[in-house]
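Given next, in structure tokens, is a single chain: the form predicted alone.
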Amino acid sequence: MNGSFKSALVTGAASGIGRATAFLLAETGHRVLCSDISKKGAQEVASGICAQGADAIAVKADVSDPAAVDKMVQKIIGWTGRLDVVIANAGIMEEGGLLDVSLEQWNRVMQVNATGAFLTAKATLPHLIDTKGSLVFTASTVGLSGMKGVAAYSASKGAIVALTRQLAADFASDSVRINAVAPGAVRTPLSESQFRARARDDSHFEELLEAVIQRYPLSRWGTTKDIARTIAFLASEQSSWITGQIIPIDGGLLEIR
């Protein structure tokens, strides 16, 4: 397919990893559709990209809703006529071990994280076949090793790990590459809000953040740019012989004991 530009779709683009990835893809010459459940958040990111001289538009979409996902994909195809890169990043977190999580919480996490990834892939892969494009999922280290107290989240991210490998096998003959990143602890508004909810006061909040750092051999939190750089690499031709991989980005957490 001819074209001097590439077209990218980023879900969960309003904040955190999705936001950083949308900006980075725009900087590398992609036209970016910023999708999020927060219309205002997606619009702010798209406006910020446009202010820097790149091309972006926004759409509100709940990735657990098949109709919303289909409309999201129709939006970017109608805008650019093609789809080269898909970053299936949207996700939510519910804390609690198995005995503490309600069925409603379990279903919601699975619907957004696992089913949302499935629906995004199902709606975009026909277009990625046309462009021999790239699909990158956001998984998590807890989908690879587990972590106490996040049963639903861990299960949903484990599903993404398996889905990544399965789809990579299914679509390799179409020259579509499918990979996933597995971030460790990343400093985002979402992660900070979770620690705020646990903290007794500001001092305890800082103690909780410091305790996280102590688990990591590189002795710091990850940043959204740390993750976005690897996502952009996996989406680019620089990784043209990489597919079916789950890339931990975790400051050595899983690799160094």
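Quick note: we count residues from 1 along the sequence shown, nothing fancier. These numbers were taken from a predicted model, which means no experiment stands behind them.
The same protein also has a form predicted in complex with a small molecule, omitted here; what follows describes it.
- Answer yes if any heavy atom of residue 46 is within 4.5 Å of a heavy atom of the small molecule in the predicted bound form; otherwise answer no. Although the small molecule is absent here, residue 46 would stay clear of it in the predicted bound form, with no heavy atoms inside 4.5 Å.
- Query: Even though the small molecule is not shown here, does residue 17 get within 4.5 Å of it in the predicted bound form, heavy atoms only?
  - Reply: Because a heavy atom of residue 17 falls inside 4.5 Å of the small molecule in the predicted bound form, the answer is yes.
- Query: Using heavy atoms and a 4.5 Å limit, would one call residue 125 a contact residue for the small molecule in the predicted bound form?
  - Reply: Close contact is absent here: in the predicted bound form, residue 125 is far from the small molecule, nothing within 4.5 Å, heavy atoms only.
- Does residue 188 make contact with the small molecule in the predicted bound form, using a 4.5 Å heavy atom cut-off? Close contact exists here: in the predicted bound form, residue 188 approaches the small molecule to within 4.5 Å, heavy atoms only.
- Which pick from 62, 55, 70, 207 sits with a heavy atom within 4.5 Å of the small molecule in the predicted bound form? Looking at the other structure, the residue within range turns out to be 62.
- Of the options 168, 112, 76, 119, which one has a non-hydrogen atom that comes within 4.5 Å of the small molecule in the predicted bound form? None of the others qualify; the residue that does is 112.
- Item | Stretch in contact, per heavy atom within 4.5 angstroms of the small molecule in the predicted bound form, of 150 to 158, 125 to 133, 169 to 177, 79 to 87 | In the other structure, the partner sits against 150 to 158.
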